[in-house]
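Presented as structure tokens, the chain that follows is alone, the form predicted on its own.
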Amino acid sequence: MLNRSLAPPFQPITHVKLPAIEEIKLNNLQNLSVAGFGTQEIIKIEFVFNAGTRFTKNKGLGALISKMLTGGTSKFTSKEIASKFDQHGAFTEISQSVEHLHFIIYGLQKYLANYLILFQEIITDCVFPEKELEIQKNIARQNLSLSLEKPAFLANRRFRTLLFGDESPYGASHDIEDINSISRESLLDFYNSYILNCGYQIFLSGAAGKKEIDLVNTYFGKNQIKQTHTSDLIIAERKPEKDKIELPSGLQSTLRTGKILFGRTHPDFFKFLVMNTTFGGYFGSRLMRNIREEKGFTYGISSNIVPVVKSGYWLIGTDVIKEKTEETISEIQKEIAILQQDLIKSEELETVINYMSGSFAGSITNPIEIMDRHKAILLNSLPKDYYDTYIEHIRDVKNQDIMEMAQQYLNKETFTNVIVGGKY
């Protein structure tokens, strides 16, 4: 008889293989990736254009293009487009990163044809009505004004500017004047240059079989596509900087500190990833134990590696009691020094590795999550077996590696620091 007073034996995860997807060429040679092993009648289709903010001539355009793509065509108004998606049970997301523009549709398998027809209408006949543009500019101005009152927004914005420089699309930020300067003509120019008849990648996941693949080919495999050529974005080395932004109101200070690092293909990436998780990458991390649990300075503090195309940066972030800001910085530096001087105990390292392995295994349990991993491989030019060997790479990290990563990369003199808050 099962003894429920005893925990089941623990079995560490040592290997996870990412399920394969189909890679298909449409009739016009566009790429279609399919993870068609969903058991429910749910479908997700994502179109990814080489139309990121790095290609915009005006910094404010990124705040509007995602909203204005569904702002109206010669046949349908923005309300009619929204209504047509709604009546067929669809939810849409449009977002723009530095490199890409993503148009995502979540919906029901049986209505895929309806979604494709409407999406085709949008990307071939977007007219950017002046009335809709004024509405969206007003919303963008209001959203920015509200965001500029939030310490976390100010800290993130200033940190990226200092880290990358305001001439880089990773460090650039827009102001009210940039939003005001956006015209219908500037939106049309970007649309014609980077979206209309331009190449894109399609990612289809969920309940997707031959019928759904044929539908995609029917609607998106016929048009002649002009290829968009992009060059690598160079991230220049910059001198570390420090900045403080005083806000008289509020009881907390927002802290951001970090540095430009490297990308996911760097030979030290997995060693640094395990070191970072130990330091501040999960709820049981050293930063959380010290600054949240022992000191009570914050509700949460974390450190993260943020990948960008072929590069990345490291970031520590927290909101702390403003009178404890300097002490918090000292405690962060103390925890770094401990990592640099003392070998991590095997028990702690095993806990971190088991946490990372379990989190990864739990993040690929359905077709949509699996497709997201394959999409990361394709869009970031990662090795095809990147996630198949993910856990093996993590489990190869040794105690000495943690110390060496901290010694080599966590020199406080190389950090860019931003503090936003009241006087302290």
Partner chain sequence: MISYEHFQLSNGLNVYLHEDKTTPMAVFNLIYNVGSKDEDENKTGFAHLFEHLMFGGSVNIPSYDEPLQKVGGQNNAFTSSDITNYYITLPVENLETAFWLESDRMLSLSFDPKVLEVQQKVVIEEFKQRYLNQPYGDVWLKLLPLSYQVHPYRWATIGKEIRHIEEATMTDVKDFFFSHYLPNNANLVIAGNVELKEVERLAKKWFGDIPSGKVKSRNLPVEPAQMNFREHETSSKVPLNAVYRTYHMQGRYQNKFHEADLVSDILGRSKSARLNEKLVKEKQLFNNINAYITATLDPGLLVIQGNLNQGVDMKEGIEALDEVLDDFCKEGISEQELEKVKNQSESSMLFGEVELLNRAMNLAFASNAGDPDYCNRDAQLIESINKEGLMEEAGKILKKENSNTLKYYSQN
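Residue numbers count along the first chain shown, from 1. Please read all numbers here as calculations on a predicted model, not as lab measurements.
Another form exists, predicted in complex with its partner chain; not displayed. Remarks below refer to it.
> At 4.5 Å between heavy atoms, is residue 30 in contact with its partner chain in the predicted bound form?
Taking the distances in the predicted bound form, the answer for residue 30 is no, it never comes within 4.5 Å of its partner chain.
> Residue-level contact is defined here as any heavy atom of the residue lying within 4.5 Å of its partner chain in the predicted bound form; does residue 355 satisfy this criterion?
Yes, residue 355 lies within 4.5 Å of its partner chain in the predicted bound form.
> Would residue 202 sit within 4.5 Å of its partner chain in the predicted bound form, counting heavy atoms only?
Judged by the heavy-atom cut-off of 4.5 Å, residue 202 is well away from its partner chain in the predicted bound form.
> With heavy atoms only and a cut-off of 4.5 Å, decide whether residue 110 touches its partner chain in the predicted bound form.
Yes, residue 110 is a contact residue.
> Looking at 216-224, 231-239, 303-311, 146-154, which lies within 4.5 angstroms of its partner chain in the predicted bound form, counting heavy atoms?
Going through the listed ranges, the match is 146-154.
> Could you tell me which one of 142, 197, 330, 183 places a heavy atom within 4.5 Å of its partner chain in the predicted bound form?
Checking each option against its partner chain in the predicted bound form, the one that comes within 4.5 Å is 142.
> Can you pick the one in 117, 343, 82, 337 that has a heavy atom within 4.5 Å of its partner chain in the predicted bound form?
That would be 82.
> Would you confirm whether the three residues 86, 252 and 294 all fall within 4.5 Å of its partner chain in the predicted bound form, going by non-hydrogen atoms?
Judged in the predicted bound form, 86, 252 and 294 all sit within 4.5 Å of its partner chain.
> Taking only heavy atoms into account, state which residues of 304-321 are within 4.5 Å of its partner chain in the predicted bound form, ordered by sequence.
The stretch 304-321, when checked against its partner chain in the predicted bound form, contributes 319, 320, 321 at the 4.5 Å heavy-atom cut-off.
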